[in-house]
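Below are two forms of the same protein chain, given as structure tokens: structure 1, then structure 2.
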Structure 1
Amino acid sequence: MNWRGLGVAVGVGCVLAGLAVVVSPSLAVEVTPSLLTLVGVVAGLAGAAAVYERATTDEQRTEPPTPERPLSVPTPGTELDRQLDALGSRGRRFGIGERRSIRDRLDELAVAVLVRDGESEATARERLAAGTWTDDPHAAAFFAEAHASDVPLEERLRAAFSGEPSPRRRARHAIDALARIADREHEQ
């Protein structure tokens, strides 16, 4: 029997003796100083045994696993926003690559949206080139440069004083117009 077993046996014996005294008070013995000393010595030995066992045991703590952190993923549209910001922000000589990239991406997207709206691919491309796919003249001008003059004079003056470069404004309007068409498709 090890120290732990001895301690458990002494503890269980004390509990049973206490319960027996509660049930039958005549079993109680007179408490004398020597009995109190004996109980104190036994309790002290039990405590010392517990401390000794704790100190000599190779108990290793289990480390909880590191909580899994969520993956950092880019926000959809961040790259497009960056490209839109680059359009015309550094003068006419810069932003050509961004303009071409945005135009290619939006061209594919526009054809896909119009095809989903019921157009054939050829008809969608014709409407984009003719600028008839939307009522927004800025959005239409993004795909059909010839229709840039269809923007009313008041709108052109307002745009000229807004400080927003034309390519960015047209791209933003085209994106909004395509989103409206796509939303209309979802609502039906």
Structure 2
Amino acid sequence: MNWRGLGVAVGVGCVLAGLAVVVSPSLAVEVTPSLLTLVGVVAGLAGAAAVYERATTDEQRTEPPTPERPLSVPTPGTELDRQLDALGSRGRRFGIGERRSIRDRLDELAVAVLVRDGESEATARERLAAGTWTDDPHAAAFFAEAHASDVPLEERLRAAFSGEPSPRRRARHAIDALARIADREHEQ
């Protein structure tokens, strides 16, 4: 605020001095080339600062509200989609919390689905650990890391080029496989 006040004072002073010179030209100080250069350099620096400021800030616009659509309610599972997107997208270090939460949720669901399919809870856990509950090697690898090598080489190469992080792909395949089991039972 003080700098602003000082700036205003200097500006007002300059304007008054200029008016005084217009009234009586004898008051004018002689403009030496060096003074002129100094003024030019100061103006140039101020201009460069203003250009920099303009280039680095966008025009701020107030976004008016959009009331046209009725308020929509969430679809079940959206927060899991967010967690899946966070998996592996920002490097290994960041996805740990998401991975654990997805793993817990899928573990519980997988056991429940297999139990619903007629297994005992212990057998369900064994089959998950052994990877024998599904034909999909990616899905099996989600619950049993050791089975990652069961994926055929061609499939693994294709997966490597797809750009999708492998935890996310495995989770996606596991979800699909579980949905198929649940649907199968439903149709009977």
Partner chain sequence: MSTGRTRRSAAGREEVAVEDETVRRTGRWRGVSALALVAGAVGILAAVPGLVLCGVVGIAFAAVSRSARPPPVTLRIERSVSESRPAPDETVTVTVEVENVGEAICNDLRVVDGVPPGLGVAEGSPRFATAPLRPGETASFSYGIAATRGVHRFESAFVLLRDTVGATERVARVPAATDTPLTCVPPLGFGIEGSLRDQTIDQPGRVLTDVGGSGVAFQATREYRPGDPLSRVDWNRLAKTGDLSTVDLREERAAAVVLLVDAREEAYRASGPEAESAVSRSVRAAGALYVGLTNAENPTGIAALSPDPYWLAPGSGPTHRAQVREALATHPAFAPAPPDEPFFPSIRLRRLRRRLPARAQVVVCAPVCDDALVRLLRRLDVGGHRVSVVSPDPTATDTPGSQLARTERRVRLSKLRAAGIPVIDWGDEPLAVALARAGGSR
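When a residue number appears, read it as a position in the sequence of structure 1, where counting begins at 1. Just so we're on the same page, rigid core means the largest C-alpha set that superposes within 1.5 Å between forms. Keep in mind it's a predicted model, so treat the numbers as computed, not measured.
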Looking at both, which one would you say is the form predicted in complex with the partner chain? 2
Once the two forms are fit on the core, has residue 53 moved its CA by at least 2 Å between structure 1 and structure 2? yes
Once you overlay the rigid core, does the Cα of residue 120 travel 2 Å or further between structure 1 and structure 2? no
Superposing on the rigid core, do we see a C-alpha displacement of 2 Å or more at residue 20 between structure 1 and structure 2? yes
Following rigid core superposition, Cα shift of residue 73 between structure 1 and structure 2 in Å: 3.4
